[in-house]
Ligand SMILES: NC(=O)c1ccc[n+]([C@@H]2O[C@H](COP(=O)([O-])OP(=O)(O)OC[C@H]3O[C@@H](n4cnc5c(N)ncnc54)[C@H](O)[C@@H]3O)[C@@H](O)[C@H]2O)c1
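What follows is a single chain, given as structure tokens, in the form predicted alone.
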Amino acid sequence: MNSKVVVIGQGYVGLPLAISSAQAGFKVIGIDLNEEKVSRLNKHQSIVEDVSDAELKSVSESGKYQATTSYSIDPTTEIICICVPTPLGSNHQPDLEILKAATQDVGKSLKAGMLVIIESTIQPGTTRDVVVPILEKESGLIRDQFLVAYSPERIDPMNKKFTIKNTPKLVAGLTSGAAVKAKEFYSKFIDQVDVCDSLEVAETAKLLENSFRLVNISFINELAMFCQKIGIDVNDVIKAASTKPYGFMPFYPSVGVGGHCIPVDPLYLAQAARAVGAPSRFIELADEINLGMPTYFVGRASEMLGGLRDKKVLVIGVSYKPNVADVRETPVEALINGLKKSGAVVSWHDDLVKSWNGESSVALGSGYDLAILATPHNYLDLSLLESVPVLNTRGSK
């Protein structure tokens, strides 16, 4: 197979997609504007946990994969996948500027017959009403001359059970022909590909998936507060409830949700709902609860120590989930900031992240007034804390 594919964005979503495509036989160019990242990738050094150096080396040396910072797309390219971030802006509202810029760059190289697939999380109607007009304007083509599809990413970093291969994939096309071609592409390396009735159905399905998780995690976090007040462990409650074989799904407490999906996607849905005058109270309340969790644990820490002024506090784990180095939207940042504002002398430990916000990870050890377990990586040996009291954000009494 000599079909050429371009994947824009070589992070937690784009790199696994690029490597899986290359392993399936496509000739893949991975585009990313981060020069250091591209340099590492071309030296066969993976920048995400779900892709090994060996996998990267294999597809690179076979000529199936190369990373670049250049948006000069080969005119014989058949498929272009856009996997760039769609974060929240400084106003805590959806920010599509990175996606728009990437789409503009793609449009400049777009040729008739090419298929452009958007994998970034977006609001319903964005593919049809934002992406397609940009492609038309930049390319000089009309929408009948190229193909556009939407396929929301479903990457869960370090999930060994559900990988890119066995996680069902949704696709939708601006036209039926675009949907068919997108399904054919993904079916080369994904076991199950389901075609949605419209772009808007696929866009909204992605927002529903993570809004469901945000609402339920926020509810469990409130329940954890109640359990702490009455002196029981919320995890024991969850374990007991999980014995019911129907009508219940376990979710677990934390210092708050993070990453590129759960704290972000629901706000895309909420904004879309407001735009058409539909209610989104569950999402807004869940977001409020989630954002308040770091403050709650600052209060818990203060209660344990009788105040935080000049107390030495060690925060353990700063990434947004266990066993990854990703700190995007991590709630631990708000936790640390809250502790510092309360006068605590804060250090943090995370051997996966190592350096973050101009600070470096410190070793686990004694000499602290309190340790706060925020992100429990598997490698952690908490016995190194010796007699330091531990506040477990994952559901201790």
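Numbering starts at 1 and runs along the sequence shown. These figures come from a predicted structure and were not determined experimentally.
From this point on, the text means the form predicted in complex with the ligand, which you will not see here.
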item: is_contact(E329, the ligand) in the predicted complex, heavy atom dist at most 4.5 Å; value: no
item: The ligand contact at V131 in the predicted complex, heavy atom, 4.5 Å; value: no
item: V345: touches the ligand in the predicted complex, heavy atom cutoff 4.5 angstroms; value: no
item: 4.5 Å heavy atom contact, I79 and the ligand in the predicted complex; value: no
item: Contact residue in the predicted complex, from L269, M293, A102, A286 (heavy atom within 4.5 Å of the ligand); value: A102
item: The ligand: the contacting residue among N337, S58, N34, Q66 in the predicted complex [heavy atom, 4.5 Å]; value: N34
item: Segment assignment from 183-191, 249-257, 113-121, 225-233: heavy atom within 4.5 Å of the ligand in the predicted complex; value: 113-121
item: Stretch 264-283 - residues with a heavy atom within 4.5 Å of the ligand in the predicted complex; value: D265
